[in-house]
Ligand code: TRP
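This document opens with one chain alone, in structure tokens, the form predicted on its own.
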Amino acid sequence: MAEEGFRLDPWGHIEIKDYDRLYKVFGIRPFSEVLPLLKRAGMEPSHLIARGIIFGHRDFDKVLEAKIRGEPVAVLTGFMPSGKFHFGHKMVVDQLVYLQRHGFKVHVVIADAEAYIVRRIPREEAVRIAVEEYIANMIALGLDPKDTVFYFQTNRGTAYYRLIQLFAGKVTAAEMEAIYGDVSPAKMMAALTQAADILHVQLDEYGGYRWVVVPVGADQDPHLRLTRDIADRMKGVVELERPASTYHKLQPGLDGKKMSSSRPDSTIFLTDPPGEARRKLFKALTGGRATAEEQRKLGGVPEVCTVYHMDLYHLMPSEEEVGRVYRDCKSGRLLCGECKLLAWSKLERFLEDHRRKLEKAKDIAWRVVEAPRF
């Protein structure tokens, strides 16, 4: 049971300061314990794993053991088409690409039902955003559309909807409130629909993938806990395995708060013009001191610097380079202006290259998913 006053809200703007606390409060396991299995499965850690950004898991060891045995494995995640695609979304896609390259079948849910009932996004707008922003950007980032299942929640088949209806009989309103807090009927429906998203790929109609992992930010754990309980309660109706999950730290927004599409200056969108992206980066919150003299004397604080986090999560895959930026900041050898120029040189090249790939991907995106009629 969660500690009093400590609840994860998948729809809110919660900031998590102490990730170690999640091990104790919610039973998330340290990701470090599966590193030997990861290597046995022929998977070298990605930079997100090596740097501890992917910090926790539930039952990912069971998925890796299945992979080692030669059984099919899958990864599923979802995106709510409520705004533009930003670097926080990119981090999830980087994980999908990594797993896809190691033999995981990728399923991507477009949570258009949730966008409509929770965020009130008009239906046509949600579909357009999903295809032209989300699916196109995912393909441009390296996700292979030929080996990816993209689908809209409102456009799935009968067996999928049957699960949602049956799941409704396996939970109570009191249980929903205990997990999520004050919930509306819309949020209850969204939670049950997400459970169907995660579990339906185990059905023969959708591939029969018994071993499924869901990579999420730590704030999304309530959905996984509910889904795992529902899977247990479906015995005698349909046999479902508990889904596994991995947890990544939430990249802080450029203002130091939670990254969000609804606050444009908190993030850089992958379609931002170069001038706009540069403006956002150069006004970002840093861990610098009040004056250059003070910083040379005391050093900076990269742990709270949002520019350093851009380097760590996205811009510097080289351990040597990102380590040098960290050390030079701490020692005072690197000032904030110099650090931002270095980050911008890498970000500018990335955005220019991504823009070319995105134009090609947009032509593909409408062809790889069936859009709902209404």
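When you see a residue number, it is the position in the sequence shown, counting from 1. Values in this document were obtained by computation on a predicted structure and should not be read as measured data.
A second form of this protein, the form predicted together with this ligand, is not displayed here; the remarks below concern that form.
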- Among 212, 138, 130, 109, which has any heavy atom within 4.5 Å of this ligand in the model of the complex? 109
- Work out which of 189, 176, 166, 216 lies within 4.5 Å of this ligand in the model of the complex, going by heavy atoms. 216
- Task: Work out which of the listed stretches, 74-82, 247-255, 177-185, 96-104, brings a heavy atom within 4.5 angstroms of this ligand in the model of the complex.
- Result: 74-82
- So, in the model of the complex, is residue 198 in contact with this ligand at a 4.5 angstroms heavy atom limit? yes
- Message: My question is simply whether residue 220 lines the interface with this ligand in the model of the complex - judged by any non-hydrogen atom within 4.5 Å.
- Response: yes
- Message: Using a 4.5 angstroms cut-off on non-hydrogen atoms, would residue 266 count as touching this ligand in the model of the complex?
- Response: no
- Message: My question is simply whether residue 154 lines the interface with this ligand in the model of the complex - judged by any non-hydrogen atom within 4.5 Å.
- Response: no
- Query: Out of 114-128, which residues reach within 4.5 Å of this ligand in the model of the complex, heavy atoms considered?
  - Reply: 114
